[in-house]
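Listed next as structure tokens is one chain, alone, in the form predicted alone.
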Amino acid sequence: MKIDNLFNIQDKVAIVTGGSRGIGEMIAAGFLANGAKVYISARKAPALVDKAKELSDKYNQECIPISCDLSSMNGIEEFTNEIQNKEKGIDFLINNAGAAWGEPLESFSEGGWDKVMDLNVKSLFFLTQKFKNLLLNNASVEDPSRVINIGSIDGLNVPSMETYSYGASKAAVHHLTRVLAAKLVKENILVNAIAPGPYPSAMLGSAVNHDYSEIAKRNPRKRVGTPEDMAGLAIFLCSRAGAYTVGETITSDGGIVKTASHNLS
């Protein structure tokens, strides 16, 4: 019952896609700070390499960058092959890489639809498929392997912006989480999702010119999310503390989804 045992992720091997910034970086940092070895991926190699070195130095723990484009099957296969050449098994797969697209309904483009669906839904499914054997190699009844899919409150609520493919993709992530959880729990791989609300990130930042003050004011908690909020939830789901939690989509949004009707006055 000690904290050190309940939330222990020491010496685990984790993969965090889109791990060089935003929510992916928050989760990677939380894992590294608590003794896990972490692989992070992103498309832009120089920024990814710099971030991996920064995190390795900060936490005195191994953070390994692998540059790839996970929106294509070729990119997914290159990434999974590279990990398979380095590791016999992995403990945690964090499917965080994602994209957003905003355009008016009347002119919403096929490119904007496909880009979001390919990265947010298709890549998540095929990464889980291709990493299944490595997850199985480290999985047991006592200590299951974990998959966390990063969804969004935009997959639960109706978004305020015209991001049609994004909200639809995140709703798909939440349901796919339940479907994969039902399949993989029998093999000691636990699948859950996190649905973040407003967190500082390149995606949200570009929509609000990186000024989060208005968003913070409107939030029930009067702030945006912090790295501790996100890392703490991911560590819970990946540790002994979360080993009986299966197929859930847990919001981390300061109360937006569950208290919205009470915040109108």
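Residue numbers run from 1 along the displayed sequence. Given the structure is predicted, the values throughout are model-derived calculations rather than measurements.
Unshown form predicted in complex with a small molecule; subsequent notes refer to it.
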property: Candidate stretches 81-89, 104-112, 135-143, 68-76 - the one whose heavy atoms come within 4.5 Å of the small molecule in the model of the complex; result: 68-76
property: Heavy atom within 4.5 Å of the small molecule in the model of the complex - the one residue of Pro227, Pro198, Pro220, Gly35 that qualifies; result: Pro198
property: Heavy atom within 4.5 Å of the small molecule in the model of the complex - the one residue of Ile189, Leu119, Ile148, Leu156 that qualifies; result: Leu119
property: 4.5 Å heavy atom contact, Gly22 and the small molecule in the model of the complex; result: yes
property: Proximity of Leu180 to the small molecule in the model of the complex, heavy atoms at 4.5 Å; result: no
property: Partner contact for Ala42 in the model of the complex: the small molecule, 4.5 angstroms, heavy atom; result: yes
property: 4.5 Å heavy atom contact, Met203 and the small molecule in the model of the complex; result: yes
